Each structure stands twice: as structure tokens, then as C-alpha cells.
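Below, in C-alpha cells: the form predicted on its own, a single chain.
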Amino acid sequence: MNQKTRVSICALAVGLALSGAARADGVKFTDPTGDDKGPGGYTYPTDAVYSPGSFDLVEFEVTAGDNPDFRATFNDRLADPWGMGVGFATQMVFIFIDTTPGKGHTKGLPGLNVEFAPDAGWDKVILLSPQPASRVSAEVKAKAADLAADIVIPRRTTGVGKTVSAKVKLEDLGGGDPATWGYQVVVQSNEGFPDKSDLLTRKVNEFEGQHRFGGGNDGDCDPHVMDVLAGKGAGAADEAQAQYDMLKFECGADGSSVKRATLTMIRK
């Protein structure tokens, strides 16, 4: 191998390394505090384990690199009252990702009672759950088999301080640059004994109970969501109203859905 060939190979290697780094840029969004009310009037369950602010998303970050951390930070320190062993217990986070604008799923996951706007379909969704990955996988297979190919379950999800996070390989998300993707972060609650059709999610009823959120509807028409990203993801006060508007819903007299809450994506 001559000197010129060596230089060309080195230059190519450096170029590939740099392009790889460019494809793995990080991204961060913030969300206003105090908007953990779903469409505006939801209330927490009465049991003390659902502490004030524990479902109030304040920041979402994807770190740089080929194995980035996906981090959701809340307005209260995490706790593990149910002995899950991973640093948190009551929260569950759905990170919907739009990698191909104009394509993707508009159908939400079972138990959330949301859909996505036609121009904001999701291509992948990461589930941050305190449940073992094997339990989450079994629930997905049983309740969302038609979407399972696009549901990403991290090997391990942990909670430290106020942040729930997990590492995910970019290749498991189809590759590309996370800084160019659209995101929607849906905050729910880990339910160890979910309804037969719900994907480990906790219901929202008309009135709150020991382990039920309140302010919704006892039918199956209200979004079972406490917080999402909205507006520009900059944490501005008016983004709370943008969230409430996005999560508006309408129910029939029999509790069936007349208008589903419809989510959009947030982009940098």
C-alpha cells in the first residue's frame, strides 16, 4: 500500500466518523410546569404515592451518540414505593418519534385513547416503564401485536433524581439524526394490573380514586394522558394551553368517542 492510498483511507475513515457524529446530534425540549392536567382538568389519584408534580414533564432530552440516552425529567423527585427496583415506580413514558415526515402511524397505543394528526404520524415509539422488559414485551405482543415492529423496549430503564432514562441504539430506530426528528412525549402511569386491552396504562375516570386519575370520563373516550409536549417545546407559559387544546376530546352519551384527542409532533 503506497502513501497516497494510506492517506485516502485515513481521510475516508475520518470522514465517516465525522458524518456518523453528525447523524447522532442531541436535542432538548422543555415543557411548562404545572400543566400535568391532561386536557386541563385532570386530577391525581388520592393515594400519596402519586405525589404532586410526579407526572409533570419539564424536560425531554436525547443525548448525542450512536447509543443515545432518552431522558424525561419531572417536576418532583422520583420514588419507588412499589419496589420496582429501578429507581421509580409510578410513571410510564411513551416517546413517539417521527423520522419520516408525512408517513407513519396515526393510531395511538392501547390505553392512551389518543391518535396522531395525518401529518404527524409516528414511526417508532420507545416505552420507558419500570416493569421488566420481559413483562412489557409480553404486554405488547398481547395487546399491540400489529404495531410491535415499531415499538422499542429498552433493555433497562432507570430513574435517578427526577429523570427517567434509557439508552437506545440509533439503528433500532432506523438510523439518522435525532436532531431532525419530530417527537411527542406522552406521560402516563405504570399500571401493574391494567385493563385487558390497555398497555400497562392507568385509567382516567370522572372522579379520582385511590389509584385512578379524575377529571375525565368513565367511558372509553377521554385521553388517558397527564402531560405531553406542546407548542415549540420551549417551556413557554402558553404551551400549557396548547396542550389542553391538543388533548380536547368529545364523548357520546354512552361513553363512546365522538372526537379523539389528536397529537402533533414537536421539532427543533
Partner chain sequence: MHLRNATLAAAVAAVLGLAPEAGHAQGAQATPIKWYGSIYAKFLDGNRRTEQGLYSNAETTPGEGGGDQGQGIEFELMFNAQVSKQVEIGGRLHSRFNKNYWSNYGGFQVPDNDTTNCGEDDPRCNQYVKLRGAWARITPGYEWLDSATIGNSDWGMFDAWTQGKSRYIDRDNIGGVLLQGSAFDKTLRWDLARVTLAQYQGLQYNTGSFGSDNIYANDSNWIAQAKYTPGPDWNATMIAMYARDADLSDADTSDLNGVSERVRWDNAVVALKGQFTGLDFMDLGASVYYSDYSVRDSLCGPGDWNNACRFSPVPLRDMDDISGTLNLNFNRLFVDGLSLSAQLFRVGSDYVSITAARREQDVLLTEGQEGTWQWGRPDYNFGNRENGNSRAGLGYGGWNGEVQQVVSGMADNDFTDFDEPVAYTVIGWQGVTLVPKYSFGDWEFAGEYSWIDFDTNWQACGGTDKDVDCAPYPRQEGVHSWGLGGDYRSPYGPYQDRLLQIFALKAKYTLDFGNGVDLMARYKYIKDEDDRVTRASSLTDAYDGFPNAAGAINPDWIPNVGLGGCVSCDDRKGDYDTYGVSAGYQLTPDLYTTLIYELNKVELIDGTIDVAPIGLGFEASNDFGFAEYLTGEHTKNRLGLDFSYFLSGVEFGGTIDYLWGDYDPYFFTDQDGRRVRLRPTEGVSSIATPLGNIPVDSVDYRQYRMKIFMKVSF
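Numbering follows the first chain given and starts at 1. As the structure is a prediction and not an experimental result, all values here were calculated from the model.
Keep in mind that the form predicted together with the partner chain is not shown, yet the notes after this line are about it.
Although the partner is absent here, residue 241 lies well away from the partner chain in the predicted complex, with no heavy atom inside 4.5 Å. Proximity of residue 29 to the partner chain in the predicted complex: non-hydrogen atoms within 4.5 Å are absent; the residue sits far from the partner.
Mapping the unseen interface onto this chain, residue 132 counts among the residues with a heavy atom inside 4.5 Å of the partner chain in the predicted complex. In the predicted complex, the partner chain lies farther than 4.5 Å from every heavy atom of residue 60. Site annotation in the predicted complex: the residue of 119, 177, 195, 150 reaching within 4.5 Å of the partner chain with a heavy atom is 195. Look at 90 to 98, 136 to 144, 183 to 191, 103 to 111: in the predicted complex, residues with non-hydrogen atoms within 4.5 angstroms of the partner chain sit in 136 to 144. Counting a residue when any of its non-hydrogen atoms is within 4.5 Å of the partner chain in the predicted complex, the hits in 39 to 76 run 43, 44, 45, 46, 47, 48, 52, 56, 67, 75, 76.
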